[in-house]
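Consider the single chain below, provided in structure tokens and representing the form predicted alone.
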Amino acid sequence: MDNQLKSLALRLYSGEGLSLQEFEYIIEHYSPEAAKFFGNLAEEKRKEIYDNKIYVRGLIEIGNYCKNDCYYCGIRKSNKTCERYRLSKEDILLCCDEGYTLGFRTFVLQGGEDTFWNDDFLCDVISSIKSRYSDCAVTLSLGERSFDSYKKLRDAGADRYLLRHETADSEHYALLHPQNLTLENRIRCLKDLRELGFQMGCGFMVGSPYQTAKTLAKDLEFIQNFKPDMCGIGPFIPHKDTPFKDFKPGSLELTCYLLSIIRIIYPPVLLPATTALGTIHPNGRELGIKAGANVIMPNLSPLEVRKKYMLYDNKIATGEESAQSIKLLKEKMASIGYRIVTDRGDRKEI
């Protein structure tokens, strides 16, 4: 590991910001030795704020209809082989009932951008969850909406909103999405969410088609400047029924390296070890935790729909990924020195 890379790591660790070119240098000079060095610094930062706590969120995939045609996504509207579904309000509340009993204190409602999920329906669901479980947080991940729509969801009781920016480079964004979707509007949504008081999360794919060290550096610079409450990153995994079916998947090693860098850039960030990490490697989530992540989102969706929410090929949906396997998950986290806690898991102030 060269002295310049070590110097950049220590500057980040001390709280100093880096330039776009310096982030690019860090990415270009990845090595197992560098990953270990950054990983150790990330663990120190994470433990200063969160000790050895791992927060769990109960993920409820409420539907896989989507009006968008993103080139990487298995539930894109042009995929005619996708078996579509929507959960009812009663289905969603049953998932929450089960999740609460299992110890979850955050529920994440995720779905495609579907006009069926209008404000009235979502506000009714949110307020029902919050009245039933006042000690729980409700997180939404339902894509781009208007300021007024986000405000209604916030007023109904939603606490958090996840909206991956996917890439902070507008030209790269255009290569991943059809013309009607723009990075400018995605950033507008993130700013609206922050203004409305949501704990908000962004994120990006690692190894997505046409990605370069420079586009990744722009993602890190964006996170440094924007300081999101949450940041979800995971390796790109191709889906057989999309235009990107023949592209190579992203790297486990690079994803973990970037998790460490993000933890050091903004130490209080809530950082998931994503399902995609667990999909590409049997111990992917544990490796993500050791690299600096502190959130896991097991699946609470009804068993019969989990295989239908197939954003990418071979997405894990049962076994350890299942919320019902929380005991096994606790044991696996304990084996690497961490503990699952029953907690809303809000971002800590520093």
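From 1 onward, residues are counted along the sequence shown. Everything quoted here is computed from the prediction, not taken from an experiment.
Separately, the form predicted in complex with S-adenosyl-L-homocysteine exists; it is not shown, and the next lines address it.
The stretch in contact with S-adenosyl-L-homocysteine in the predicted bound form, judged by heavy atoms within 4.5 Å, is 231-239, chosen from 122-130, 214-222, 79-87, 231-239. Heavy atoms of G99 never reach within 4.5 Å of S-adenosyl-L-homocysteine in the predicted bound form, leaving it off the interface.
Put simply, L311 is close to S-adenosyl-L-homocysteine in the predicted bound form: some heavy atom of it is within 4.5 Å. Using a 4.5 angstroms limit between non-hydrogen atoms, Y72 touches S-adenosyl-L-homocysteine in the predicted bound form. Looking at L142, you'd find a heavy atom of it within 4.5 angstroms of S-adenosyl-L-homocysteine in the predicted bound form. Site residues G111, E166 and R186 are all in contact with S-adenosyl-L-homocysteine in the predicted bound form, judged by any heavy atom within 4.5 Å.
The contact with S-adenosyl-L-homocysteine in the predicted bound form, taken as any heavy atom within 4.5 Å, belongs to L162 out of I265, A158, C95, L162. Here is the short version: of M205, L193, L258, V269, the single residue with a heavy atom within 4.5 Å of S-adenosyl-L-homocysteine in the predicted bound form is M205.
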